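In the block that follows, a single chain appears as structure tokens, in the form predicted on its own.
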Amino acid sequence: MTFDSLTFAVFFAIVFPLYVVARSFAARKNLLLVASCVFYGAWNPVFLLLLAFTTVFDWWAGLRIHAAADDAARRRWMVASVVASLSILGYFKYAQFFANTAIAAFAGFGIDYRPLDLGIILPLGISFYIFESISYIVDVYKRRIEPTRSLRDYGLFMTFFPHLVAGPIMRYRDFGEQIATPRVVTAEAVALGAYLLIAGLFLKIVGADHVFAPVTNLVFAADYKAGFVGAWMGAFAFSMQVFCDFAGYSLAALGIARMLGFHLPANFESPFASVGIAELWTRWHISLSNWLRDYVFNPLGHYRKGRWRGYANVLITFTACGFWHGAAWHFVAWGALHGAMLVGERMIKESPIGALKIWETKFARVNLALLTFALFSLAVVFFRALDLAQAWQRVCAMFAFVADDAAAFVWNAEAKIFAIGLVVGLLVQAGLKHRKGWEWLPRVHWLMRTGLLGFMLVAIVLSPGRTAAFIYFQF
């Protein structure tokens, strides 16, 4: 069940009125818990049992950590819970990857190794809810929060359907405060939430699937021999596609939650207006960036322990980030490349070159923002490519002035629409760079808001109707 499906429209059309007329907040929470289980179970009911097991075990482990008499016992419960969560994630997401790696390694020695094919299916959203459960257990262990004694409240935190399958990655200290206080459904919140939902669907259906995806699919087709222009166009197209796809989902999730009286954290804040890769990662997939900072980078040690130790920790963190995104070497390369760019950027900033005042001029910052987008697009080739070989071919084409296959690449209507969408998308992000959250939206003149809403609705209705699954559902 996806936000852009008719099934979800029917689902929400039933759940929302029942939520509004519920007589108590306890009844509303019960309804949301049941609805969230239906939402997740509609994809594959069997994996609802896995989600239930993770939820119950970590809720119980949190209570055991809190009740433990000494630090050693607390640590044992924490380690047991984290290991259990990582084991579940490791089996479903990485078992086949390690099996394939072993096959390739043995083949290098002339050994035909064929392990049992388990036919593993990746449960929807497992990476997101496992990270949420780990953050809860670690925060309880670090005494940042107290564990909840309500299994229902913890279950709602884990399964809350707007963010369940693709984030944002929530922290219990943020969501727990909201489910401890009755939520109020107001006309203003419903209006803003519905607006964000429509905007999110517009980004996904129109932007991702019909403006940028056609060029991406052409350039990254297995048989396409990309030249200089095509390789860069494909990289730019996929950068915008994955932004519109994932930011669209996150925006829709924020809107649905707002209609129900809940606040989810922003996950994207004009990332392609960033000046530098470091700033970009404070604006791109923000909930994951913060999670990696708090639960991977910080435990490894800060720059205070030495500059080179800090650089190594950045590389470790972002290589892990790449591996989290996908069980394939090209995802690992994507993460490692981002880590290398962050280290390089920091080294430049710490050098005499980085202290030059020229970098503060508007002209320089505009060009640095464009360079940042280009570097992001260069790295994203490894994210989108079918494998390392294809990624390397596309990267080589980006730095060699080789003509594209004239029979496959033409400046047709799709390419022209992509070019217009790219320019408009970058300009819109530049214009919204300094706006945080969405509380400013109701202050925009009603004629402008109404006109934009009408345009988005018409564009959605007139779209061909062929949509792809949300990209981050596979993670």
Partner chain sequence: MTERQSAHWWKTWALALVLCIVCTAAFEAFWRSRGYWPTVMDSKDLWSQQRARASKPAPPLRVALLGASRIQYGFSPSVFRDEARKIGVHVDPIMLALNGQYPLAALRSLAQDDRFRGVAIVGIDALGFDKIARDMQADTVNFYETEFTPARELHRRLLTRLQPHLIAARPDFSWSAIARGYIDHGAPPAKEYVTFYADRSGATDYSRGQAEYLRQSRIEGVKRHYANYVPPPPERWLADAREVIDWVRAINMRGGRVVFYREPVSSAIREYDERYMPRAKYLDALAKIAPAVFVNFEDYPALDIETPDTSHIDAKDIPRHTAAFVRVLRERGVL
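Positions refer to the first chain, counted from 1. Keep in mind that what you see is a predicted model, and the values were worked out from it rather than measured.
What follows is about the form predicted together with its partner chain, which we do not show.
With the partner omitted here, the stretch from 40 to 48, 55 to 63, 423 to 431, 25 to 33 that lies within 4.5 Å of its partner chain by heavy atoms in the predicted bound form is 40 to 48. Though its partner chain is absent from this view, in the predicted bound form it lies within 4.5 Å of a heavy atom of just one residue from V211, L251, A231, A166, which is V211. In the predicted bound form, I417 approaches its partner chain with a heavy atom inside 4.5 Å. Using a 4.5 angstroms threshold between heavy atoms, L368 stays clear of its partner chain in the predicted bound form. Contact check for V461: a non-hydrogen atom falls within 4.5 Å of its partner chain in the predicted bound form. Taking the partner from the other structure, its partner chain in the predicted bound form has no heavy atom within 4.5 Å of any heavy atom of A374. Taking its partner chain as positioned in the predicted bound form, the residues of 184 to 208 that bring a heavy atom within 4.5 Å of it are, in sequence order, E188, A191, L192, A194, Y195, I198, V206.
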